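In the block that follows, a single chain appears as structure tokens, in the form predicted alone.
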Amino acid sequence: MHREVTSFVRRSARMRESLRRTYDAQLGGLVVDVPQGELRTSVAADATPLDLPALFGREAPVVVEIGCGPGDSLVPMAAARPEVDVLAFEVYEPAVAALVARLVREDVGNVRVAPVDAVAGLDRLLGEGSLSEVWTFFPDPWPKAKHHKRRLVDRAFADLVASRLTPGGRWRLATDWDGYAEQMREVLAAQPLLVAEPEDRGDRPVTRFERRGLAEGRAITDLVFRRA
């Protein structure tokens, strides 16, 4: 059983009417219809794993992005990888709607979005060894020491991600908080199935969060760990 403490701040779900129409039109399409638990962003305890080939309409390697926002990194990275399918977890509905509108506008068809908590989503909707990559770019750093327990990347989450990666699969992470970067290194290095690779951003584009961090004088850390 994985922790139910959420790792994100739940913000207002108000959105423009045009985005609301876009969001509603894609429910069950680009927006995955997930059985909900008690909370709007939770996953029902008895939910069964997604049929990924049915969801995407083909057999292909699957990548998960956690906290994709409006798709600053997701859309160009998915468009550059037409041979893979990308399942994104994002709880903020206006961001999901903006992402969906962009996917439609740019004709990127290999992405689906699940508007639920990523921890529960990985745990209940995805089977072991089902993912070729996981992307975790700029998760909330919860900078105050008393809030560090809410950071997404901890021992339990590392165990969960490692179990979902196929052997040889990679977990790519980025943060602009040095303390969180060090925590990520320590936690992932302690997971026996994960092996550190050279730190590399690859083709990850610059996001608005990255620009903000750079403007405030923070260094960017990109980590890569491989499932043994």
Ligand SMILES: C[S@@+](CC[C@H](N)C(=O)[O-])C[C@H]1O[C@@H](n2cnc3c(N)ncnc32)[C@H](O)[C@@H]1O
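One rule holds for the numbers: they count along the sequence shown, beginning at 1. A quick note: this is a predicted structure, and the numbers were derived from the prediction, not measured.
This protein has a second form, the form predicted in complex with this ligand, left out of what is shown; the following refers to that one.
**Student:** Is there any non-hydrogen atom of residue 140 lying within 4.5 Å of this ligand in the predicted bound form?
**Tutor:** Yes - in the predicted bound form, heavy atoms of residue 140 and this ligand come within 4.5 Å of each other.
**Student:** Taking this ligand as it sits in the predicted bound form, is residue 90 in contact with it (heavy atom to heavy atom, 4.5 Å or less)?
**Tutor:** It does: once this ligand is placed as it appears in the predicted bound form, residue 90 has a heavy atom within 4.5 Å of it.
**Student:** Is residue 68 part of the interface with this ligand in the predicted bound form - any heavy atom within 4.5 Å?
**Tutor:** Contact with this ligand, yes.
**Student:** Can any non-hydrogen atom of residue 118 be found within 4.5 angstroms of this ligand in the predicted bound form?
**Tutor:** Yes.
**Student:** Sort through 126-134, 75-83, 90-98, 103-111 and report the only stretch with a non-hydrogen atom within 4.5 Å of this ligand in the predicted bound form.
**Tutor:** The contacting stretch is 90-98.
**Student:** Mind listing which residues of 206-228 have a heavy atom within 4.5 Å of this ligand in the predicted bound form?
**Tutor:** 207, 209 sit within 4.5 Å of the partner.
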